[in-house]
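We've got the same protein chain twice here, in two forms, each standing alone as structure tokens: structure 1 and structure 2.
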Structure 1
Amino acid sequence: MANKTAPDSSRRSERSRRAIFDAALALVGEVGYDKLTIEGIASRAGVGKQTIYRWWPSKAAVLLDAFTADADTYRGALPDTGDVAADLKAVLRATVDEFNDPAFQAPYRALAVAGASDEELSRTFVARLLEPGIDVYTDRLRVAREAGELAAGTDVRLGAEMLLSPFSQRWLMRTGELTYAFVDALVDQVLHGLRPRG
């Protein structure tokens, strides 16, 4: 008799998890967060809704895990060409492209809205996605400060927030278009205030 091996439950679980993530990200773009349901995610993913509830307590939790599942892949240091302005502009221009992509916008906006009324979700989102992003800008500004491109007393964490907060405000509140011209001007304005005097 042939020796049959048992199915690998961890591989099956990973396939289901990935299908659930793909379904959640696709559906939030198609129907919006308000109409996103666990039932809809389960149906699209081809799993029972009890499978989702076994792993996540809410649709927001599913969406957060789906959106941040590959976050580590994109983390790393900002470029360092020796010109902090050029480096920041290059990265923020790429970020403009990302934030203007509808596939990125739908889940990010949904999580921002859900986080406004769910403190735990907001804290998790900040810890997984926002803080690591701020950290890479802080690290790049620290290098620039050490190289004399910024004033010796520059608070690099505050400098990073001065760059990222207007970007986020414009995007989240739709106070204006996210463009290369905007981020270039933002970098120039912020660095003008952080440069050494005299």
Structure 2
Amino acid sequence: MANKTAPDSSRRSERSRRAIFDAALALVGEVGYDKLTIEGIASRAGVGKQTIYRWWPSKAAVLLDAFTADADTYRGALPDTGDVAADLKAVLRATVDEFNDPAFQAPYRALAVAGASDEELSRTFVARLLEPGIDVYTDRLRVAREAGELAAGTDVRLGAEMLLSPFSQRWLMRTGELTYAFVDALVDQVLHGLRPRG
């Protein structure tokens, strides 16, 4: 009996969890972080709001879990073909496609805006999403440094920021287009400075 009930209940929970994440991401993109409510998420997901409160203490917690549930599928897995320039271009081109997709970027923008204005929320946002995002690039540059593709003294964390920040800034502040040509030039110009000399 326990054997039968547990998987059903677990499948049901997983379905609810996914519905709640989808509802939270869709809603925050539509109404913004300030107007997002647990009630709104529950209604869109077709669950009772007690279901949400049982699992998460706040709308911020729901959203951050929703983002990382997706993010975990690629986290820690920047490609390593032995050609760091090619690998970075491939990943950043895929990221260009994502951030030019209104459905993908709207919830992310809503969370970034909320994080920029709310210092408390930003601590969690940075720790859960931004810092791990910088880390995978830092790690890839470290592997390249160890393989001799980059100079021995390269500050790989700073290198990761030089790659990611111009991208993020263009997207968030709308100071420029996100194109393949832009990320290719960015990767080339950043890596050019980090290559071994002589």
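Bear in mind that the values here come from a model prediction, so they are computed numbers and not experimental data. Sequence positions of structure 1, starting at 1, serve as the residue numbers. If you superpose the two forms and keep the largest set of C-alpha atoms that fall within 1.5 Å, you have the rigid core.
- Each of the two structures shows the same chain on its own, and it is structure 2 that derives from the form predicted together with a further copy of the same chain.
- In a rigid-core overlay of the protein, residue 58 has its C-alpha displaced by at least 2 Å between the two structures.
- Taking 2 Å as the criterion, residue 44 counts as shifted between the two structures: its C-alpha moves by at least this amount when the rigid core is aligned.
- Annotation for residue 21: C-alpha shift of 2 angstroms or more between the two structures, rigid core superposed.
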